[in-house]
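Shown here is one chain on its own, the form predicted on its own, set out as structure tokens.
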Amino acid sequence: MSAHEADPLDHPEVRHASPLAYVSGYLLSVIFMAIALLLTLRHTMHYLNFIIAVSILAGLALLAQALLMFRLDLSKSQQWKTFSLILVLPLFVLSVGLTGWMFHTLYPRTMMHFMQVQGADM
């Protein structure tokens, strides 16, 4: 009962909120995503360089959001949220990579004529 009577403005997450940091985090994220969109639309880079550039821009956008919008740091009130974000990142990268691999190999795994060609070699 006492948890509901506490002043919500005294909560550590609310006390860390800053409109200037929120807006700057939003603007930086939009800028990084716009640059990634331009790189994607223009097709001017080699494929490997393109993947690296877009991955770096996505990481910078995530970092800007985590630090400026969500105010994640190693303070007492935010350390477990920061650790959970760090632990989720490998799972996120793995799920995106496995989804890409699944769609990349979808045609050979599902088309009948490919299986017949593979069977003829055996």
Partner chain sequence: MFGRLTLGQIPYHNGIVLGAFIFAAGAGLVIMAALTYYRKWGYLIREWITSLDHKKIGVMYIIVGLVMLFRGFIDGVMIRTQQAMADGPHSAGHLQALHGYLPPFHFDQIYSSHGTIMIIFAVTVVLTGFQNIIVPLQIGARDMAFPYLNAVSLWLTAAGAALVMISLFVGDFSHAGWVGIIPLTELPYSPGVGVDYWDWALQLSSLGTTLGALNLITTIVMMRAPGMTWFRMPFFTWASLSTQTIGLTAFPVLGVALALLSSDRYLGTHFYTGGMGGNLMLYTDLFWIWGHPEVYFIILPAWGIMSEVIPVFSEKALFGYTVMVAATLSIAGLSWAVWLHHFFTMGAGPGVNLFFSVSTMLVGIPTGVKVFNWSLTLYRGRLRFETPMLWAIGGLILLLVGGLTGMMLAIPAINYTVHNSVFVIAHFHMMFLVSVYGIFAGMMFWFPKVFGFRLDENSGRKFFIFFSLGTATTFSAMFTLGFMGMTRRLDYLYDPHWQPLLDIEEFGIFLYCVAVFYFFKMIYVSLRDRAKESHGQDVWSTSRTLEWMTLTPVPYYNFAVIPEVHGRDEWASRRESGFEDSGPEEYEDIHLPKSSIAPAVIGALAFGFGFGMTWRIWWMAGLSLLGIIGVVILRSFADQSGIVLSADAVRRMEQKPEGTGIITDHISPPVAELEALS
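Numbering follows the first chain given and starts at 1. Here the structure is a predicted model, which is why all the values come from computation and not from measurement.
What comes next is about the form predicted in complex with the partner chain, which does not appear here.
S.K.: Does Val88 make contact with the partner chain in the model of the complex, using a 4.5 Å heavy atom cut-off?
M.R.: Judged by the heavy-atom cut-off of 4.5 Å, Val88 is in contact with the partner chain in the model of the complex.
S.K.: Examine Leu94 and determine whether its closest non-hydrogen atom to the partner chain in the model of the complex is within 4.5 angstroms.
M.R.: Yes.
S.K.: Indicate whether the partner chain has at least one heavy atom within 4.5 Å of a heavy atom of Val14 in the model of the complex.
M.R.: No - in the model of the complex, heavy atoms of Val14 and the partner chain never come within 4.5 Å of each other.
S.K.: Taking heavy atoms only, is Tyr47 within 4.5 angstroms of the partner chain in the model of the complex?
M.R.: No, Tyr47 stays farther than 4.5 Å from the partner chain in the model of the complex.
S.K.: Is the partner chain close enough to Leu98, Thr105 and Arg109 in the model of the complex that each of the three has a heavy atom within 4.5 Å of it?
M.R.: So, yes: the whole triplet contacts the partner chain.
S.K.: Can you say which of 67-75, 80-88, 54-62, 31-39 gets within 4.5 Å of the partner chain in the model of the complex, counting heavy atoms only?
M.R.: Answer to the contact question: 80-88.
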